[in-house]
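Below you'll find only one chain, the form predicted on its own, shown as structure tokens.
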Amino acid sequence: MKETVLSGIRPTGNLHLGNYFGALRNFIKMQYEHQCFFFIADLHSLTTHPKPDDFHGNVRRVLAEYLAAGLDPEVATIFVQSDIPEVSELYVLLNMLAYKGELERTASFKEKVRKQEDNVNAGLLTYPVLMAADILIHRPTKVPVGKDQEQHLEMTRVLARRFNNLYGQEIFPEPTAFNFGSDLLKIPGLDGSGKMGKSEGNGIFLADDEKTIHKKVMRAVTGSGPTEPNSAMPESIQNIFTLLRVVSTPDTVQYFLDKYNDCSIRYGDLKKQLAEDIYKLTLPIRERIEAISADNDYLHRITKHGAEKARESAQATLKLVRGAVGIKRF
């Protein structure tokens, strides 16, 4: 029997290589092995007060990029969070079970308070509750999460258990983290430290054109070349080779390894090759992004069909929740 798996996508920036070779590659595989729900978390992004004229465009762009990269609306349920009003109702009900102290102790809330001290809104405080509503409304058994979201998943489990105990019914399963194990690659950024990310300014995006890719790669941190044969690589050069291994052929990688080990490597040539291979890899995806973004009818059909499937699941859950709470219509 297939497990139900759910994952959310915040419309806060373009997909980059780290996303593609990280979780997304596993999502693409996972959708054929499990019953999967993927949603664009537009309500979550309101905590940062995005401009209204940019808001829909961000949702549209992220949706087009994920579809172009391989999410299949024929097998997975793909929808926009705000199209499912049942999520907001469950969010209200779960807020009655969440306590101020435990929400204030979450690492994400503390971090946001530091970063946007002039905008500490209630949505930031109850962000884990909305995430719990997103998850529990479909009663999944697995949720793919990164390290930074593990505390939120634990809050989801706490709220599910608290609801079940309070109302004496096993409405919600306690979902566990979906572990990609060794299949999850960590793609480094171009600044020579850490992983590639949206906010760090060190990423190459799937929608970048050839000129942009070349410019970004040529700015990548390298430093001086090796002076002794077979010397250890500094981290910045290891990062370049990590990227090379995921986008280039094995013989290309070996060629530059040999050049490094005999001290004849020219980092300009290495980066030019890397930029060229990234462009070749991303070109088909970029072309699909452009085609999908321009097809209003297709995007409308995808989101409409996804919302219908997601609402069917959500309404079934909410019917049980309302019955357990004692909410009845006259």
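Just so you know, these numbers come straight off a predicted model, no measurement behind them. For every residue, the number given is its place in the sequence shown, counted from 1.
Form predicted in complex with a small molecule: not shown, discussed below.
Partner proximity in the model of the complex, defined as non-hydrogen atoms within 4.5 angstroms of the small molecule, places exactly one of 66 to 74, 268 to 276, 290 to 298, 34 to 42 at the interface: 34 to 42. Interface residue remark: Thr126 is not counted as part of the site for the small molecule in the model of the complex, having no heavy atom within 4.5 Å. Heavy atoms of Asn95 never reach within 4.5 Å of the small molecule in the model of the complex, leaving it off the interface. In the model of the complex, Val5 stays away from the small molecule, with no heavy atom inside 4.5 Å. At a distance threshold of 4.5 angstroms between non-hydrogen atoms, Val143 is in contact with the small molecule in the model of the complex. This chain appears without its partner; in the model of the complex, the one residue of Met131, Ala220, Leu159, Ile78 with a heavy atom within 4.5 Å of the small molecule is Met131. This chain lacks the partner; the member of Ser236, Gln149, Thr106, Ser248 within 4.5 angstroms of the small molecule in the model of the complex by a non-hydrogen atom is Gln149.
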